[in-house]
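Just one chain follows, in the form predicted alone, and it is written as structure tokens.
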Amino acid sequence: MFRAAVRLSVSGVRSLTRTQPRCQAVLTSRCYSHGKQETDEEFDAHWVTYFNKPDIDAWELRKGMNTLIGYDLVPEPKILEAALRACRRLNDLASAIRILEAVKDKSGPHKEIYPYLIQELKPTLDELGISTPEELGIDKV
């Protein structure tokens, strides 16, 4: 009798410790658009502030321009002006020319964008002594 009670209690404990094969996978979903949407003005202000940092170095300038050009947009003239002024503070004419070339390339098939940007940036380019790729003749290569 005692043996039967122990056998039942042992099998009862085993049944409690065994896990039944159940589907325990939790479905996760990712909500990528739950964050705050940045307005155009906030976006422009962020990049103007980034390029206006007085202690920006050449690496930060290139990193910022690489990130900015990676977006699906052509930067506003005020952002480009801040980037060109950062180039001037760093005495980096090559980066300034590369910025203008990248913007021309980014304009793509929309032929009216690049002349508009050059028109808006012309006073800044003249003030800083930066020539456009067209003025230097390197746009034909």
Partner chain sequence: MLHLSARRVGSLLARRATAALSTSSARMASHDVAQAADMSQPMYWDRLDTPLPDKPFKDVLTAADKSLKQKEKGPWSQLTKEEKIALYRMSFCQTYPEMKQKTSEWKTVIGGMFIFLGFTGLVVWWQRIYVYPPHPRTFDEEWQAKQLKRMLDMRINPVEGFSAKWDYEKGQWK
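Here the structure is a predicted model, which means the values were calculated and not measured. Positions refer to the first chain, counted from 1.
Although it is not shown, the form predicted together with its partner chain is what the next lines describe.
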query: One stretch from 112 to 120, 72 to 80, 93 to 101, 35 to 43 that, in the predicted bound form, holds residues within 4.5 Å of its partner chain by heavy atom; finding: 93 to 101
query: Contact flag, residue 66 vs its partner chain in the predicted bound form, heavy atom cut 4.5 Å; finding: yes
query: 4.5 Å heavy atom contact, residue 62 and its partner chain in the predicted bound form; finding: yes
query: Contact label in the predicted bound form: residue 55 to its partner chain, heavy atom within 4.5 Å; finding: no
query: Heavy atom contacts to its partner chain in the predicted bound form at 4.5 Å, residues of 117 to 138 in sequence order; finding: 128, 129, 130, 131, 135, 136, 138
